[in-house]
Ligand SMILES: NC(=O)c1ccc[n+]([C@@H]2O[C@H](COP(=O)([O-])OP(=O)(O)OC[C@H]3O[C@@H](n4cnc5c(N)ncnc54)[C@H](O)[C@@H]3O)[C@@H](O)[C@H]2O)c1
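Here you get one chain, nothing else, as structure tokens; it is the form predicted on its own.
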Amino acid sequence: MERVTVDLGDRSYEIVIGPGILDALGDEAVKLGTGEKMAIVSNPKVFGLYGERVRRSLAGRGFNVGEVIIPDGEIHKNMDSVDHILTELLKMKLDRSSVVVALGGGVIGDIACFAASLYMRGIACLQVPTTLLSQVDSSVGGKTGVNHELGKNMIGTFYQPSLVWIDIDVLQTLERREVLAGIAEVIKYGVIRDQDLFSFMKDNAQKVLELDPDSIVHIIKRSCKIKADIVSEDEREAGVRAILNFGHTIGHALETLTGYDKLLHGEAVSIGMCYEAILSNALGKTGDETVREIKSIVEDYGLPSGMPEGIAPGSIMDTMMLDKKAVGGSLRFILPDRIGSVSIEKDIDKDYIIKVLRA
């Protein structure tokens, strides 16, 4: 097993990565010193695949385990789902020493740990991510929350998990489209901070797509280490953590405009990265080659690089202005300088942004 520490003082926690470790979750959980009651939050598909294994692992170490099942999909990442989870936790009579176990992808992780942050003003949450995107990104860093019809992730909290437990073997049951969505976030990490990771993704595409264990452990560990370092430095996104949003300013707007059910998060980020690279080039911050490299690797992995049909640049602009990344009426973009380095830019002329969106 590989381990990465998120260093936040007395709220530090470990990310544990390896093949076939799902059945050992109970052994690790018992070290946390929590109460005996646990609630697994999952969706029907993931729970059907892995729920009983997780339950047995936890129950085998003396935990009293229940479950809360919510519908699958980003469209259900809303306050109705949170209310359902909280109601079930109350019915189970969980107390302040109890634990929520988020078993699923990014939607489950965001909702479950958001509910945990609210229940009795905060109980422990364990992340057991089952998609590549959640393993490399959303399970780490403590961002929780739900969507609103006017904007993605607009309601939420910063609430760190007590443990992130990543079994790469669960990726074998993941649909290829979901694998590609996770790859988009790995590409993001390469662009913002690690040229070597970007090169690895370029040179080892076949191995990554085949879920070669060594390659997958490598890209997950490196992505988690980058995010852990950034979160340890800036937990609440007051500064450098904003660079994790490369591709997300445009990407989140696209998810909102398509009703959260047309594009996977990674697909929207993929498009966002390409257009934000074009914007950087148009502003003279990066060269043509950087734009070509980003667009090329996105397309080589079969990810989208162009705007969905029927999405007007003006609508994207209006939606971005409602995003939490807009401050004081000014949009904040993360723009690449070169592969491995980005900068935070704001006060870009809105007409100029719309012009780039039409490119």
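For clarity, every value in this text was computed on a predicted model and none was experimentally measured. For the two forms, the rigid core is made up of the largest set of C-alpha atoms that agree within 1.5 Å on superposition. So that there is no doubt, residue numbering starts at 1 and follows the sequence shown.
Not on display, but discussed next: the form predicted in complex with the ligand.
- Proximity of Val217 to the ligand in the predicted bound form: non-hydrogen atoms within 4.5 Å are absent; the residue sits far from the partner.
- Interface residue remark: Glu276 is not counted as part of the site for the ligand in the predicted bound form, having no heavy atom within 4.5 Å.
- By the criterion of a heavy atom within 4.5 Å, Ser57 is excluded from the residues contacting the ligand in the predicted bound form.
- The closest heavy atom approach of Thr130 to the ligand in the predicted bound form falls within 4.5 Å.
- Only one of 169-177, 204-212, 91-99, 278-286 lies within 4.5 Å of the ligand in the predicted bound form by heavy atoms, and it is 169-177.
- A single residue from the set Gly106, Pro161, Gly251, Gly190 has any heavy atom within 4.5 angstroms of the ligand in the predicted bound form; that residue is Gly106.
- Contact residues in stretch 213-239 (any heavy atom within 4.5 Å of the ligand, taken in the predicted bound form) are limited to Lys227.
- In a rigid-core overlay of the protein, Gly141 has its C-alpha displaced by under 2 Å between the shown form and the other one.
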